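The chain below stands alone and is given in structure tokens; this is the form predicted on its own.
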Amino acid sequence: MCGIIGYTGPLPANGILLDGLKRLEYRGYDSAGMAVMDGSRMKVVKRAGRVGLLEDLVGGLMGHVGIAHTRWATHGGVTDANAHPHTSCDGMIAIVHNGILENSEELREELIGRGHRFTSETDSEIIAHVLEEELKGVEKEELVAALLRTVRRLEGSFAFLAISPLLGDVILAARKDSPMVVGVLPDAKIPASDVLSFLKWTDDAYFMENESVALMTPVDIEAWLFDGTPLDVRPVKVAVEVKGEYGGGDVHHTLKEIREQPMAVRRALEQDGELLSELAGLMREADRVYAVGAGTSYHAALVARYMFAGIAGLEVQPVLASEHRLFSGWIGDGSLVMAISQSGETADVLEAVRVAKARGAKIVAIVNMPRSSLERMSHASVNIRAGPEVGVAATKSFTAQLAVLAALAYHVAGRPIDLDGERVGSLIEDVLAQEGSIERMVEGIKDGRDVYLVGRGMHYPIALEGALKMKELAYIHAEGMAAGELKHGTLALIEGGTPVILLNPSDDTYKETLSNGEEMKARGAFIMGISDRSSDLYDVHIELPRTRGYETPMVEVVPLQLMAYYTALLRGAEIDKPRNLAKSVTVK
């Protein structure tokens, strides 16, 4: 969940690295640091806190080779000492690392026993000391063997970069179960956690294979698998969906991305029909179909269960990626796992996919980042085409996921897709037009301790997603509740003034959900109704446009996102970078 970037080339490294860190900060923002090498000298600066704290410090880091890091803490507190880069005892090797080393304690004791001195509490620093041992006295032609010996001593997940005056303009890189991609220019290389960090400079990229190492100079990349097998390094063009400017008039990326949803849904529904038919064929042939996801993507899986059942009569079992082992015993040759992930790098999802593949299952990926680890591990994949999503709280990627999942369900059924991108986009625009009134409505939530979101049928997963947004952005305890389950405990929590958001579009769940609202209103709840029909029950009414069928989840989630955003704004929360959270959960 940390962000790493490196540079080797003809330009001053510090400016490129700092710009890349700003673009990577959504991956972690507890601390940041940079190491730049100028000939035989290497300088390191690092600070606890946001990337902006480095701006006044990196001007003196002169040189053309460097590495940088923005951290989301796992091992060790948020301190200057625990910030990356970390260096070897002699200060001649600097590393940055994303991942978790599972044998860190054993290696630390072993290295201390041989005289190594540690200056941080992190597992990452161990890599610098192991490299120090393996590179000692090594000639350049032996670098690969030394790097391979290093990674074989490490257990767990890692992506790391290393530089040293001993290596000249070479950057060492290694990847195991954490992402690493290299921006490729004719005279420079920019290894990083993701492509967003270097798109300003190049859209040519080499995606490192899992369990591989690489040596890169300004003009070349060489790579090998951990077993020593040489790899053919072939850069590819980054797909157009990934390219996008961070600019715009919006105060926050999160608001910008909420407002981009009409376009995102339209693009998501402009899919290759032959590809969707191929994926649908795999699903029809499967004995069992599972939908695996984490966080917002798991909520998309829950909605998918309703979509595939209602449209195609196909049973899809949603599975929390972190609990996939509870289901893996039923997964076998006839199974299909539909893996849903915005980044394609979520550690729990990738682990679930590895286990399922080992058991003979087919893997279909629903993903936003082209050439991600998930896409490359899958038998087939479809890109949701939402474009870059920088805000930690998923918004447009969720609606795009729902659009693709619905389209895929229609292909499984062998029916024309009863969804029109222009129409759904216009319906979302109708909701966005109420942004000002929604901003005023949330005054009643901002000072509360709790808020409950209630829905029935496929609106229940949307209630879960709305509650997640309220927790992520506004730091308010929020729960999504199944309307039919209120009598089994939840009503005990309702008292005078308790905010309740009632998801109540006029479909076959309308009357029962309205009755549930009456039960809560009788106990003093403040009811905020989200519906295309007005009712005296609602203390506040957010009007939905009239939707049909499986358009509804894509439309009704948008007011929940806006409510969470404006509640967070009123509470002074850090909206794009919520405390303790990171965008890509690349560690378990």
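Fair warning: this is a prediction, and the values are worked out from it, not measured in the lab. One-based numbering along the sequence shown.
Keep in mind the form predicted in complex with ligand F6R is missing from the figure; the text below concerns it.
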- 4.5 angstroms heavy atom contact with ligand F6R in the model of the complex for Ser341: yes
- Message: So, Lys469 and ligand F6R: in the model of the complex, are they within 4.5 Å at any heavy atom pair?
- Response: yes
- Look up in the model of the complex whether Thr346 has a non-hydrogen atom within 4.5 angstroms of ligand F6R, and give yes or no. yes
- Query: If you check in the model of the complex, is Ala352 within 4.5 Å of ligand F6R, heavy atoms only?
  - Reply: no
- Task: Please name which of the stretches 293 to 301, 173 to 181, 145 to 153, 158 to 166 has residues with heavy atoms lying within 4.5 Å of ligand F6R in the model of the complex.
- Result: 293 to 301
- Item | The single option of Ala94, Ala393, Ala409, Val213 touching ligand F6R in the model of the complex, heavy atom within 4.5 Å | Ala393
